[in-house]
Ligand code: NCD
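Quick setup: one chain, the form predicted alone, written in structure tokens, and binding and motion questions come after.
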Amino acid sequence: MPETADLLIKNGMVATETAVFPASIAIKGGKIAAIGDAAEMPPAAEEIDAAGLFVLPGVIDVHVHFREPGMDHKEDWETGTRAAAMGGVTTVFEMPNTSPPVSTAERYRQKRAIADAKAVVDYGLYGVMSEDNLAELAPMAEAGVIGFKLFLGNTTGNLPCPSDGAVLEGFEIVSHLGKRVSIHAENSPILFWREDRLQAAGRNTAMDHLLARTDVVAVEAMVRSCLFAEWTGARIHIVHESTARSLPYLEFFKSRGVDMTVETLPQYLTLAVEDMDGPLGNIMRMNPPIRERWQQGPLREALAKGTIDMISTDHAPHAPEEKVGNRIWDIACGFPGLQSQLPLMLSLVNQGLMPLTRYVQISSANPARAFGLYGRKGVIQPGADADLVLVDMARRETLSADKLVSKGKITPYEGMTVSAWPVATLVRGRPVMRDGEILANPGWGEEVVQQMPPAAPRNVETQLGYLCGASPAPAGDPS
């Protein structure tokens, strides 16, 4: 324990993934120095009295879109990370479908320079896996990408879906790199076929958007991804799981030892396509679509019991005028989510969906484990980064667009009351938000340092890299 601390958070209820207990936290040099009774803590230059508050590890959101470069009228790195700080999020992983996309090591470095100058919370950057950049996967991994994003279904940016042959080879390459591939699992040929047929028939409702991307579109792409991952040994992460019909398949592939994690989003747990007939229906259009109300219960249960590993936001802002149109097909897909995730999910905790410890697991600990950050991020323990969020678990607030710091000032939760609220966010020991005020200057955020376990490729003797002489001969293949 240090003789003096930089900051002491005292009198709070500390929540970890295993326990909730009263304690104070001493912070020195951006790290947690000690946890214990206030009387045992060292003197500190500054104190925060957390009486009546819960102290949680900062949220790690592995799925956000900040739109810069190329589409920064929708969002930029400063406004996006300010939204994160407001929502108790201390680390974000930003997706590569900007303009230009992050498809090379040089483009990764260009985006990293933007993030370094503007971010107020810590971050990681994805590189894209596409048909024409397989040779760039290893250079991007060496440069420092947090992982790769594979778009099997189209969304903002309209990056083309790679062929199955390219996907399999991409997984073969990544199986040796050890990075995780985050997958937008929708079958692109099916959804384009169905959308074209529905538009030609004059169909134009929110339900038609759902029917174009009906559940089998997601289930098929997810199953195919899991098969490829099992065969190659690639690590995968299924993003924005939206359908209860996927759950038996997720359980099956996990039981077979596939190195996979799965996220869902608050919108799939709290919103339904039946709500899209109302005045906020246009805002709710997203990919994969918000589905029928009956699916909420099974998804909530899967998240509570562990079939689904984590919660993310798919924070996807657009200019407000891009969220209106005469046809459902012309409305931009996605909406902001960074400021609403924690209040929405902790309201569900208050309603008994899961214990607070499970929320800590799905919002912080599991994301940190999946992407090689655990120990430094995602945990409250001595030596870890002092990434913390102080939460009032009894504060009632009304969600509204006018409270958003994102450029995309729209929300499908307009007027919804929540029963928990973040009151302070700390990144590496520094308060970046207190009482709704952003305190950090642009540039405080840093790129995270990742330590993934050793790669474990499988069936190497069948991989194109080996067959074509680009990879060494297999040794000890566990298949």
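Residue numbers run from 1 along the displayed sequence. Quick caveat, the model's predicted, so the values are computed rather than measured.
What comes next is about the form predicted in complex with the named molecule, which does not appear here.
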{"property": "Check all three, 184, 314 and 318, heavy atom within 4.5 Å of the named molecule in the predicted complex", "result": "yes"}
{"property": "Interface segment, criterion being heavy atoms within 4.5 Å of the named molecule in the predicted complex, picked from 296-304, 113-121, 281-289, 163-171", "result": "281-289"}
{"property": "Residue contact check: residue 333 to the named molecule in the predicted complex, 4.5 Å heavy atom", "result": "yes"}
{"property": "Heavy atom of residue 240 within 4.5 Å of the named molecule in the predicted complex", "result": "yes"}
{"property": "The named molecule contact in the predicted complex: residue 79, any heavy atom under 4.5 Å", "result": "no"}
{"property": "Residue contact check: residue 97 to the named molecule in the predicted complex, 4.5 Å heavy atom", "result": "yes"}
{"property": "The unique member of 155, 361, 103, 270 whose heavy atoms fall within 4.5 Å of the named molecule in the predicted complex", "result": "155"}
{"property": "Within 4.5 Å of the named molecule in the predicted complex: residues from 59-74 (heavy atom criterion)", "result": "63, 65, 67"}
